[in-house]
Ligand code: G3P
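First, one chain by itself in structure tokens, the form predicted on its own.
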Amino acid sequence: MPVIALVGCLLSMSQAAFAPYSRPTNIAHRGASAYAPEHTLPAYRLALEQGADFVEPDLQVTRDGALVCLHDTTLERTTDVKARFPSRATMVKGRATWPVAEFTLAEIKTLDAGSWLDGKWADTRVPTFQEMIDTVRGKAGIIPETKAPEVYGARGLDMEKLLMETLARNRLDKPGADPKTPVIIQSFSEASLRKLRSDHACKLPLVFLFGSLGREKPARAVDRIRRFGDGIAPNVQVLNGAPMLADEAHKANMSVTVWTVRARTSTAAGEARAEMRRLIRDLKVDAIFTDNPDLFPRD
């Protein structure tokens, strides 16, 4: 994958940015999730207002095959499903859960997805992936994650197929199809990324997320990932522990995305901004996931 030109004339923290990024890139993690309910249209709209270059929708699949934006495979953490559908719980190791895949889109659309964060967000709904696209298109890039695709595959729901069909309907399934709305696909699932490449002939950039190297050496990890992906996405702790990961990825012409930098309180804002600046300047990362897109350094 070719290296994009230096952007020193634009940024004092200039560096060689690796495709698909053209400069240090601000990715809104679940939207502007430090300030609005994660994976809701208000969070996505706020991310745009705060200058996000990309907005992230995690994807789940409803019983009737609709893609919705939600981090968890179950509904209870960020909706009022427990109160609305008390008899629909599934017991898992003695704990009641409400799996997304056991509810239709119409049922999920009745849920309050905002009050868990603050009462002012009452009656905010779980958006579909299409609604997310309609909100963000033309204003920022989109970086969907195939979340737990194996969970849905076991139920006969093909997340990768649904994703590529949705992107194709929106004419976003090819690199450069809409220059104002670039699309990158990410996943913790190697199998999902391989399936996108082989079964669906996906040409969009694919980024592999991981939270541990295990016993694998950085160079070996990069060599493995480059066989099915275009970029690596370690979490901050992994990259701090193995900073040579970034160099190894760049030597392989792969991008480096890191997750997640956040400020949970206003007093922590300075630390979050400084951390992002350090990651860009010292570790040469190409993109950062943050709950606080307004804190992303542009100087």
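Being a predicted model, the structure only gives us computed values, none of them experimental. The first residue of the shown sequence is 1; numbering continues from there.
Keep in mind that the form predicted together with the ligand is missing from the display, and what follows is about it.
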(message) Give me the residue from Thr78, Gln186, Thr124, Thr135 that has a heavy atom within 4.5 Å of the ligand in the predicted bound form.
(response) Gln186
(message) I need to confirm a contact call. Of Arg88, Arg226, Lys109, His71, which residue comes within 4.5 Å of the ligand in the predicted bound form, counting heavy atoms only?
(response) His71
(message) How about Lys147 - does it come within 4.5 Å of the ligand in the predicted bound form, if we only consider non-hydrogen atoms?
(response) yes
(message) Is Thr260 part of the interface with the ligand in the predicted bound form - any heavy atom within 4.5 Å?
(response) yes
(request) Find out whether any non-hydrogen atom of Asp230 is located within 4.5 angstroms of the ligand in the predicted bound form, and reply yes or no. (result) no
(message) Under a 4.5 Å heavy atom criterion, is Leu209 part of the interface with the ligand in the predicted bound form?
(response) yes
(request) Sort through 93-101, 152-160, 186-194, 167-175 and report the only stretch with a non-hydrogen atom within 4.5 Å of the ligand in the predicted bound form. (result) 186-194
(request) Spell it out for me: taking the ligand in the predicted bound form, does every residue among Arg30, Asp58 and Phe289 have a heavy atom no farther than 4.5 Å from it? (result) yes
